[in-house]
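Coming up is one lone chain in structure tokens, specifically the form predicted alone.
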């Protein structure tokens, strides 16, 4: 009889662990896919505030899978037609004033993208939480008057990510992200994303504002404001070819 209860207890523990892992995977996949479909098209405002300057740009963005994305500046006029193309592990910048396309070298990858607090490397190594991190629920309950689930994510050994740890908070009911804190490899906070401005886009309530603050410059920020978002739009792979950049500048 003792043997029977031992087996039953082990099965309960195993099923509970499986259920928790399955629930964690489902929620992280929901967060990963929130702004992604098989492809996407969006219009967004990019605001950048640093100690030395502030900029506001209107962007048009397309993506297909994880490997292909294209961002074109619509405003201001002096930067209109500037394009950033991500194709696999490469990033190209098209500059309409000089009619030149530049492939970013490895030494340029840690430079700021569009003068923001994101790097060019961020675009290439865009990761999926579900695929690249081992995750566990580290808190579940009410915090600051809101029911949340907090995940602690540690990079998988083979994952090509630069972060030592990520803390992700999501709404408990709708699984919408609230805050994401990135730690460097020394486990020091590097930057914090907050997600606000809930509105219906692509048929679902989503945060429309993503606010990024670097830990070492707390008075600076980069902010994406999604004006429109359409998912699963038909786009040919040829749209993301380097040779097509000149056609996209208009």
Partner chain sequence: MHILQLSLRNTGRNKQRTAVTVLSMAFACAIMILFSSMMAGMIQGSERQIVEMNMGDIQIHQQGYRDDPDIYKRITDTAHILQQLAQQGIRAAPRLYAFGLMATHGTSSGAHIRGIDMQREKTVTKLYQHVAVGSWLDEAKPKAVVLGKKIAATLGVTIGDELIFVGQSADGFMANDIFFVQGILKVVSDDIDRSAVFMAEQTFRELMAIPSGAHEIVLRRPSPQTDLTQLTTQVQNLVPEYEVKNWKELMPAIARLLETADIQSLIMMSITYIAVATIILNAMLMTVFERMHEFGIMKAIGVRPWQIVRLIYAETLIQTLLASAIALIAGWWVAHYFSIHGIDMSAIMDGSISMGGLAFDPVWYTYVTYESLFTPIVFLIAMAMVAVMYPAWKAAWMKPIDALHYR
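Predicted model, so just to flag it, every value in this text is computed and none were measured. Residue numbers count along the first chain shown, from 1.
There is another form of the same protein, the form predicted in complex with its partner chain; it is not shown, and what comes next is about it.
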item	value
Interface membership of residue 66, its partner chain in the predicted complex, 4.5 Å heavy atom rule	no
Contact of residue 164 with its partner chain in the predicted complex (heavy atom, 4.5 Å)	no
Residue 104: touches its partner chain in the predicted complex, heavy atom cutoff 4.5 angstroms	yes
Exercise: residue 150 in contact with its partner chain in the predicted complex, heavy atom 4.5 Å	no
Selected contact from 159, 137, 176, 95, since only one has a non-hydrogen atom within 4.5 angstroms of its partner chain in the predicted complex	95
131, 122, 171, 79 - the one with a heavy atom within 4.5 Å of its partner chain in the predicted complex	79
Candidate stretches 178-186, 201-209, 23-31, 45-53 - the one whose heavy atoms come within 4.5 Å of its partner chain in the predicted complex	45-53
Stretch 223-244 - residues with a heavy atom within 4.5 Å of its partner chain in the predicted complex	none
